[in-house]
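Just one chain follows, in the form predicted alone, and it is written as structure tokens.
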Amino acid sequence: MSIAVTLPDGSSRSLEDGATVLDLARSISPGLAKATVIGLVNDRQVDVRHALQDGDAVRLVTDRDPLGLETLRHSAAHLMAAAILEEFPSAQLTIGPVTDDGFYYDIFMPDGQTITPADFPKIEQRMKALAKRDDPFVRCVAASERDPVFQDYQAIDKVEGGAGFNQFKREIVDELKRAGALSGEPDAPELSFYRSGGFIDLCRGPHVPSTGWLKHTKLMKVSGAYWRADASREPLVRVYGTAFFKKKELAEYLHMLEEAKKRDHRVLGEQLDLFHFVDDAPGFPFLHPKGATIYNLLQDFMRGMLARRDYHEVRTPLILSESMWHRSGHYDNYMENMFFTRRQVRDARAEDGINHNAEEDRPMAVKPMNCPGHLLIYKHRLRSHNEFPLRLAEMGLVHRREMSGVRHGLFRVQAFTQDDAHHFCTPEQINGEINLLIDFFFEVYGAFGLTDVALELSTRPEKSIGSDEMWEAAESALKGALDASGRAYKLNPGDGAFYGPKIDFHIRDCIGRTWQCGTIQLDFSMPGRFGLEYVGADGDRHTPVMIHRACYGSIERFFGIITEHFAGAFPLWLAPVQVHVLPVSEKHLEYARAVQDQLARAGLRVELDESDERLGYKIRRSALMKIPYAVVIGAKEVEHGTINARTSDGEELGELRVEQFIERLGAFTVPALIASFAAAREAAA
């Protein structure tokens, strides 16, 4: 007897009754069988030992598939947990999920024990030994708590050393039982476990075929956590690791991390005198003069790009009434991340003489987003379809509460400026606006050498506003625009904004890391909530479509990304100091000052080193500060009325007239850069 299964290309394949996913892979080629990690059977992830049924739709997931790598890392979390139990028998396991770049396992350590990086070598040695044994990952399902597999599992719960009952796993089991596990009902969740050698763990799976696949793992760090992320519950040790299919891939990843350490924008911010943070302003950066220069150049560049695309820049208030945030939907969907004003008044009845939370006639909140302000500007008067598309832009300062555990330099701050804009248009104009924005974003990122950009379409999240019909129309419109653009994109279900679906832009930096920056969000809901209208060509009133968009996303975060991308060596147009004038000695200072003045009057950002240090030291210091050009002034230059220029990476330009040098650098300004992009667009058109 045989069965037939369907492959992703629509073809059918006959197999013997009882054939597994691995048998299917073998029937196609030995190489495919060797590379197959798991299968997708009728869109359900299963192990390679899963028995196929007649009519199944099957996709084989290999080691080249992101889902394959995710499975490998999930399995590596089990391997690490098994090794930790061998090394720390009284440890109690909780959960061990996959992360974007690896995995972690949260572990309860009784009796004051802990795990530190000093323990990593011995844990890794045990992991290698377990991998070498090549034990198969075997899925087991318990029919009842009397099932032998459940009894085996409880033996792991009651670990050696008398640590006692694992309340965390018991809590998970009880939740599954309340959801119907062990009830025998057809659609009830299964109580499944995975065994590898002498280790067994509660798990939904699937896993790689055996521990022999897990040879290339590395433990990365430890941190603290709480059970269920609840600070009132038990403290846990979170051990992070990563895993790859190949030794070379692991080595490349570790090399990338070393490069990332060298490029850490927080370190470079101090070294290059760009910004700093203080405890009295957590998550609020202090930009120094050089940092403010880069920040302003980023804004100038964006404003120049906006001016060529018919944007109108606006300014909206930092604080608005709480009732307005209720109307926009932000209060219900974003309240935990907002700052609210609280009035304080003197009150003799209070313990310290002050009422710290006095009632207000109109409670206020600091804006976490700019969109309601733009809606109110639109609504100030009735609009006509002839004004569309109407593009309102703002370099808008917003504030969002972030817990200390997630704040990270400029990447995650509590106050930041968005290069925000909103397009108001008719439904027929959506495609044109979306495609304009996609091309615009690619042009902006290209100016920073960020040419590897991936697009992602995110759909309706669980927490959202608007009708099903609105969401269906919005998602369909974005998908249609993306398809029309001809650019590849990935679907990210359930990750849209609460008011609409979105297109996210993920940029890859020079060491291979990806960053989510720009976003385009389509909103059919908020204009209606605010009563926005326009007079159409038919003379009737209609509700406009609203497109939210930000290209940098957050200027502060983008600043941090490009600091690491360039390792602090910003391109000439963006460098806070473009030229460093270095007189050989005090005798050459007067001419050096004249050169500095001439360069500054030409619009270059220039500094003069007036110290009495030796020239070699000055040149090294200039290079360490990553200033693009150093101009040396000695006796010959004074005599000839010239300069001697060199780049920060040591290229000698030789003796030049100041005018020649200015002409050479003149093309590297923000206006010149924007003009070059405009010329390229016109030539392409």
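All residue numbers are counted from 1 along the displayed sequence. Computed from a prediction, not measured in an experiment: that's the story for all the values here.
Although not depicted, the form predicted in complex with the RNA is the subject of the following passage.
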Checklist outcome for this item: Interface check vs the RNA in the predicted bound form: of K221, K490, R315, H255, the one with a heavy atom inside 4.5 Å is K221
Item to check | Contact assignment for the RNA in the predicted bound form, among F120, Y226, Y311, Y334, heavy atom within 4.5 Å | outcome: Y226
Checklist entry - Is there any non-hydrogen atom of E652 lying within 4.5 Å of the RNA in the predicted bound form? => result yes
Item to check | Heavy atom of G616 within 4.5 Å of the RNA in the predicted bound form | outcome: yes
Checklist entry - Even though the RNA is not shown here, does E637 get within 4.5 Å of it in the predicted bound form, heavy atoms only? => result yes
Next on the checklist: Is R646 near the RNA? Define near as a heavy atom within 4.5 Å, in the predicted bound form.
Outcome noted: yes
Checklist entry - Residues in which of 544 to 552, 578 to 586, 464 to 472, 522 to 530 have heavy atoms within 4.5 Å of the RNA in the predicted bound form? => result 578 to 586
Checklist entry - Is it true that T94, R620 and L624 each have at least one non-hydrogen atom within 4.5 Å of the RNA in the predicted bound form? => result yes
Checklist entry - What residues of 181 to 210, in sequence order, lie within 4.5 Å of the RNA in the predicted bound form by heavy atom? => result E190, L191, S192, L202, C203, R204
